[in-house]
Every structure is written in structure tokens, then in C-alpha cells.
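We've got the same protein chain twice here, in two forms, each standing alone as C-alpha cells: structure 1 and structure 2.
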Structure 1
Amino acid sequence: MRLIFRLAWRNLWRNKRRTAITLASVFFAVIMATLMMSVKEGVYKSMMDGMVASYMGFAQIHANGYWESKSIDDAFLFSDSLQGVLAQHPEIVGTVQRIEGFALSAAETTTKGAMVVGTDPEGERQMTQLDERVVAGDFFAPNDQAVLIGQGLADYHDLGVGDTIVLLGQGYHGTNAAGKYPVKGIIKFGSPELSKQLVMLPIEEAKRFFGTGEHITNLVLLFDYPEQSVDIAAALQSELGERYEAMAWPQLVPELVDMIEADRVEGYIFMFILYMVISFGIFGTVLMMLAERKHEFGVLVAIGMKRVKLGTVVLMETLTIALLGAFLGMLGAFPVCASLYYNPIEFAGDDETAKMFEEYGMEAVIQASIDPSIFIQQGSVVAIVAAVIAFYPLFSIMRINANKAMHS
């Protein structure tokens, strides 16, 4: 075995240029693939953060049928029995009660449909850090009779802090919901869609506005481990019975999940093409190496070296380059991705790219992800591709005819 190692290692340094070219092709392939995946996953995370972590929550509980009807009449009481069920789940680290309804928002000369959300300011501060999204004015207090509005809606109505907005809609069980509120703050959401239609009230004021008494429409849940959302929601559903619906975020925003999945598939197709290009690049150098050394392989087999042993030497050479290249690529990709993680590219609102992002319902920010699994996954894929290619010389050598090879 030492002989095989020695030969393989020395052969790597024999044609330094070829080794360097192969190493570089694997290295840059991993960097490219990782960067692409990292940016994609970063954008997905930013979309999910914009929609899920900062507003929707990882799961919600409603009265059964509310999510379909979105009717304020499908409200429910946050009863002791419901609180008891939630208390059995230590993985639930926070809850926020909300009342969601729709109303016509009006300013001096404009009107627009708005989503009116009554919420617990303190709960939002702790759970969704809503207060950090205030870009003008102040965050509201529980007893305020004032609103926070999305930046998009503020722009539409040309409203600023201290201006007045009028809300007119339908309340609980057919009552009128009408109110005139000063704008206390303007909030910026990751999701442009939310930003264009959101009006937020302290929950007590929202109860008065919609006339729901102690009823709420949404109970937003936050977990320590978002990836468990589906499982926890399913467990809650079975415990709560048919009066309630417990929905995890993929059920709450299926269009977001579908869009991410579709984009992922597109990404995989692109990655496949990239992997193919990489594969042929590596395969080309392997073929070149085989052709250059065919005579030598013939001599070695002629003097008595078993073909499987010779094949193993060449396999080890190619594997060493592939694994080393993949490892260096993973290391090399990290600073590139980390720089895009810590310094995300933000596009200005009037920029064409920003508009394109907005059309897709995304925040116009490109931020890479530094999730270690991306680096490991891309490094492994390229290493596996290169390793599979590395078997070609082995099979080729297993069929070598010493005499023909020596005369090639």
C-alpha cells in the first residue's frame, strides 16, 4: 500500500501544471456552486424571515375554517383550556394574539384596501421584533389609540408620522368598523406585499374597532426550531380537536413555499448544468493524463504490476486532487459567502433590480447564507462527481493490454 501511496503522491507532482489545472477546476467549481446555492438559500431565508419570522410566525391557531374564510366572524376565545394545551409544549417559546380583518383605508385624497391587524405590542416586540422594523416615528404602546402602517401604504397615501388615516370596514357579526387614527410609526417589512397593505393597531384598540369583545382571530406561535413547525402544528391539531385549526407556516403561505420550491428546482437544473461542465473539464484532464501515460502503464503491466494495483494508483491520484480541490473550494467559498452575508447587497427602491425583486414579492436584498450544510453539500457533490470520474482510469487500466499500450 505504501508503494501505491508513494507512486500516487509523486505522480501528482510530476506534471504540476496538469495537477494545478485539475485542482483549480474543482476548486472554482465548488466556489461557484457554493456561492450560487448560498445566495439562493440566503434569499429564501430572507423571504421567509420577511414573511414568516417577522410576521406570520412559525405556526398559527385559528377557529376552524378561519384561514379559508378570513372572516372576522370566525374568531375564538383564547380560553384556559387552549392555554393548557399550549403549556404542554415547551418547544413553543412565544405566543402573540392577533385580530386580523380588512378595511378600506383612506387619506386625504386616496383610498386603498388594507389588512388591519390588532396585535399585542409587547408580544410582537419579544417575538417578531416588530419594533426594530419601525423606520419612522415610534413603536406603539398597548394603550395607544394610534396605528403603525407599512411603508408601502404610507407611500401610497403620502402619509407621514402624525398624519391621520381613516379605516372603514365590517366588524364582528356585521357591525360597522370605523375609526380615525394618527400614524404613530411607519414600518418596513421584508415582504413588499405586506408593506403595501398593513395597518397595525394595539390589540385592545382593534377589539374595539372590530367589536370582537375578548375574541381574537389568530394566535401566532414561535418555536425555537422552525424546522419542527409542521410536526408541532400536527401534534397541536390532534390535541385541540375540530374546533380549531393549527397550521404550520408552509400551510399558511403555500405560495411562498411553492415559489421557493420552483426556484430551487430551477437552481438544481442550473447546478446540474454546472456540474456537467465541471465533470467534462475534469474528465478531459483525466483523459489527457491517460493518453500521456499509456506507454508507461503498458510497461508497468509488462514487468508484472497487477492492473488493479496500477488502477488504484491512478484512482488515488485523481481522488486526491478531487478531494483536495473540494476541500479547498469549501474553504475558499466561505469568505466569499461570509462577505455577502455580513455585507448584503441592497438595491435602492427605484432601481430596476429592486422593482424586479418586488414583483416577486421579495425584499430587494441579496444576502448569502453561511449555513455549513451548503458548503458541505456542494463540496461533497463536486467531490463525488470527481470521484466517479476518477473511476474511469481504473476501468480503463483494468482493460489495458501491456503490449499494445507500450506501442501506443
Structure 2
Amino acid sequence: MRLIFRLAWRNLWRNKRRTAITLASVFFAVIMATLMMSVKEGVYKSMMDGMVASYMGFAQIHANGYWESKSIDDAFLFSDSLQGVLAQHPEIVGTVQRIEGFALSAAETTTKGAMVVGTDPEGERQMTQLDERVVAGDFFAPNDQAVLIGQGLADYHDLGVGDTIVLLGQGYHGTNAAGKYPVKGIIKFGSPELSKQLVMLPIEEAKRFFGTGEHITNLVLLFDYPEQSVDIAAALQSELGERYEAMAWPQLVPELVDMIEADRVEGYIFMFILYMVISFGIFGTVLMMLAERKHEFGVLVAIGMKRVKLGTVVLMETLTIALLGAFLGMLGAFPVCASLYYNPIEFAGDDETAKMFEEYGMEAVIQASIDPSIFIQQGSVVAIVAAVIAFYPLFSIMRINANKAMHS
């Protein structure tokens, strides 16, 4: 086998131009495919961070029917029995209690509907690193009677740190919810939609504002490994029964899942076309090689070389050049993707591209992913394509007529 590989390697460099053309076609195709998938996965991660990791959480528990009604009247008590069920799952490393409701936010001359969220400041530090998203002012403390507001909402009301915002709404079971709060900090979310409507209170102040007592509307679950959230939520649903609903992030933001899946399908179609081009490029090189070396193959068969061995040599040539091109392509793609990962492209707020991102509820940033699986996947596809094509010259040599080949 070692001798066959050495023969295949030497044969490749007998025609350096043909080998270089094939290597270049595979090299640039792998770079293009890897870069495209890297950027797509990076955008998906940005969407996940903007909607799920930075606010929604990977799993939540509510009273049954709350997620459909979004009514504060469907609040529930975080009872000892519920805590006992959660304690049976060591994968859940913590919880964050929230109260979510709606109110009219008002400044001196402007009004706008807002989503008012009461939350545990320390829990938010642990789960969403919310304190790191404060772009002006300070993060609130558990006993503060002050708010954090989204940057978009602050811009709409022309509010800064220290200014006052008025909230008017309906509390628990029809009670009046009204309050006037100083703005302690302004936060910027990855999702522009959140930044345009979110007002956050410490949870104890939110309980007083909405009049819920000890009831909450959302219990966000914390995980060391978020990929476990779907399975854990399904297990909790069966254990908690009909009184509660345990939902993982695909149920919480189904529109995000649908958008990612639709975009992935579009990407797969483009990748299929790209790899068809690669396949025809490799196949064309193989056909050219067979035509150029037909006389040589005829002579070798005529002097007694076994067709199987000759075909294996040619098979190794095709596989070697394809695998080498794929490997070089992966090496060449990494610095390009790494550059976009560490230096993401940010678009200004008035740019057309930024507005397009905003329509999809995404931050206007293009950042690639450097997940090793992306690079390995593209190289593997090229290897599979080359392996399939490599059998063509093997079958051709097995049927070769030595006399006709020598006279070609």
C-alpha cells in the first residue's frame, strides 16, 4: 500500500499544472463554503444570544395557559413542592423569578407601550450577565426603587440617567398599577425590539407595582449546559402535570427557530450547487487525466501490470489531491473566519443593512463562527465527493483494452 501511495504522489506532480488547477478549485471552494457556513452559524448564534441567552432563558416554567394569555392574572406561587421537583434535576443550577406585564410608559411629551419586567438582579447577573449590557448609568440593586430601560425606549422618550419615567397599567386581578421611577441605567440588548420596549424593575418593587404579593409569572431555569434544556423541560412537564407548563426555548421563540431552519435550508441549497461545481471540476480533471494517460495505461496493462493495482494507484491520486485541497482549504478558511469572529462587522443605525437586521429583531452585527465542526464538515463533504468520483477511473481501467489504448 505504501508503494501504491508513493506512485500516486509522484504521478500527481508529473503534470504540475493539472494538479495545481485541481488543488486551487478544491481550495477556493472549501474556503467559500466554510466562510458562508461560518457566517451563517455566527448570525444564528447572534440571534440566539439576542433573544434567548440575553433575556428569554433556555427554559421557563409558568402557570398553565400563561404563555398563550400573557396575562398577569395567570401568576403562580413558587411553592415548596415546585422547588422539590426542580431539586430532583441536578442539571438545573439555579432559577430566576420574574414578573412580566405591560404598561404605558410616559415621559414629558411622549407615551409608548412598554413591557415591564420585574426580576432578581443577582439572578440576572448569573444568567444573562445583564449588568454587562448597561451602556449608561448603573445596574440596579435588589432594594432599589428605580428602573433600567432599553436604549431604544430611552431614545424614544429622550431620557437619560436620572430622568423620571411614569408607568401606568393594570395589576393583578384588576388592581391599578401606577408608579414614577428614576432611570438608574440604560441597557442595550442584542435584539433591537427588546431595547425599544423593555423596562426592568427589581422583583420586590415589581410585586408592589403589580400587586401580585408573592406570586410570579415566569420562573427561568439556569443550566450549565443549555443543550440539556429541551430534554429537561420535557421531563419537568411530565412531572409537574397540568397545573404548570415547562417550556424550552424552541417553544418560547418558535418564530426564531422557524427562521433559522428556513435559512439553513436555503444555505443547503446553495451548498449543494457549490459542491456540484466542485464535483464537476474534480470529474473534469479525472477525465482529462484518463485521456492524457490512456496510452500509458495501455502499455502498463500490456506488460503485465494488474488492472486492480493500476486502478488503485489512480484512485489514490484522485483521493490524495482532493483531500489535500480540502485540508489546505480548511487551513486557509480559518484565518478568514477568525478575523470575522474577533473583528465583527458592525453597521450604523441609519444604514440600510442595519435596518434590515432590525426588521428581523437582530443586532446589526456580522460575526463568523469558529466552531471546528464547520471546518471538518466542509472537508468531509469534499472527501466523500472525491471518493465517489475516484471510482470512475478505477472502473474505466478495469475495462481498458490494451491494444486500442496503445494505439490511441
Partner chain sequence: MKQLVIETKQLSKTYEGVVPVHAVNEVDLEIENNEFTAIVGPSGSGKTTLLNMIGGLDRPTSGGVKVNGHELSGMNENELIDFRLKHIGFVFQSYNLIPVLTAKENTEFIMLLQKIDKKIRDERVEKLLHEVGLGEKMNSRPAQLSGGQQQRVAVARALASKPDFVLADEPTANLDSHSTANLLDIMARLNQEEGITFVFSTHDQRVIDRARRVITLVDGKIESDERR
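Reference numbering: structure 1, starting with residue 1. It should be emphasised that the depicted structure is a prediction, and the values quoted were computed from it without experimental measurement. Heads up, when I say rigid core I mean the largest set of C-alphas that superpose within 1.5 Å between the two forms.
Taken from the structure described as the form predicted in complex with its partner chain is structure 1, whereas structure 2 is drawn from elsewhere. Once the rigid core is overlaid between structures 1 and 2, G211 does not reach a Cα shift of 2 Å, moving by less than that. Relative to the superposed rigid core, A20 undergoes a CA displacement smaller than 2 Å between structures 1 and 2. Once the cores line up, the CA of I278 ends up 2 angstroms or more apart between structures 1 and 2. On the core-superposed pair, the CA position of R293 changes by 2.4 Å between structures 1 and 2.
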